[in-house]
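We begin with a single chain expressed as structure tokens, specifically the form predicted alone.
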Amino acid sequence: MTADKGKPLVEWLGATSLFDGVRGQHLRDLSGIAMVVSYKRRAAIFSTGDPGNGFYLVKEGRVKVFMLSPEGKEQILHIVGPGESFGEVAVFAGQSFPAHAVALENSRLVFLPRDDFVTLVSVNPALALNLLAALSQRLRQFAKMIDALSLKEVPGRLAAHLLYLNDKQAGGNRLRLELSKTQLASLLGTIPETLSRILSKLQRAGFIVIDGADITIVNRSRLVELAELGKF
């Protein structure tokens, strides 16, 4: 069993939302098939078309999951942080990965091989239910992304993302951007220049105050209205 900074892997797995409710021998069996792997910043974890031979959880660091157009344009699907999983579709589909995954920083991941995991699922269906719950949440996120990209203008997408970060970070009226402007622009389906222009406009309009990567929400109700309407 692999340990990490004083916490055995079995305990770490049991503390993740993906394996909430898994206890005892089932959790020990799960840790028995898990492998902790390290990736340097910008290292590729998998690419579109690679065999889907398992899925991952982030132990340390952050991972970018994205797709590329034939012209090479990048669309970020999601950013995965500690305790979160990605690549789960491989477990059910048994096919190739449909996207790319790259480490945004030096990262340690927990890899769960598909065949071994499926064997465990056969004796503990709760594992499958937990994975289905995670995939359902991911589908909801994708549905929101599609709605934003197709129906909302960039200011609305940005406002919604700032509110999401604020809720996620639970920092009162403050939040910290987790991505560079280039990466955030890709996530929101725009370009860095447009993103910078809208951030400045939000600040001038009294929605937010910007201090580098730190943002203070000055008028939350107006930001919520912008996120809902999708444009100024």
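Since the model is a prediction, treat every value here as computed from it, not as a measurement. Sequential numbering from 1, following the sequence displayed.
The following text describes the form predicted in complex with the DNA, which does not appear among the structures shown.
A.B. asks: At 4.5 angstroms, heavy atoms only, are Thr182, Thr194 and Ile198 all close to the DNA in the predicted bound form?
C.D. replies: Judged in the predicted bound form, Thr182, Thr194 and Ile198 all sit within 4.5 Å of the DNA.
A.B. asks: With heavy atoms only and a cut-off of 4.5 Å, decide whether Ala128 touches the DNA in the predicted bound form.
C.D. replies: The answer is no: Ala128 has no heavy atom within 4.5 Å of the DNA.
A.B. asks: According to a 4.5 angstroms non-hydrogen atom cut-off, is Thr190 in contact with the DNA in the predicted bound form?
C.D. replies: It does: once the DNA is placed as it appears in the predicted bound form, Thr190 has a heavy atom within 4.5 Å of it.
A.B. asks: When the contact criterion is heavy atoms within 4.5 Å, does Ala103 count as touching the DNA in the predicted bound form?
C.D. replies: Result no; Ala103 lies far from the DNA in the predicted bound form.
A.B. asks: My question is simply whether Arg42 lines the interface with the DNA in the predicted bound form - judged by any non-hydrogen atom within 4.5 Å.
C.D. replies: Flag for Arg42 set to yes.
A.B. asks: Among Val154, Ala99, Leu120, Ile79, which has any heavy atom within 4.5 Å of the DNA in the predicted bound form?
C.D. replies: By the 4.5 Å criterion, the partner-contacting residue is Val154.
A.B. asks: Where does the DNA sit in the predicted bound form: which of 160 to 168, 22 to 30, 46 to 54, 182 to 190, heavy atoms within 4.5 Å?
C.D. replies: Stretch 182 to 190 is the one.
A.B. asks: Using a 4.5 Å heavy atom cutoff, which residues in 214 to 232 contact the DNA in the predicted bound form? It's fine if the answer is none.
C.D. replies: Result: Lys231 alone.
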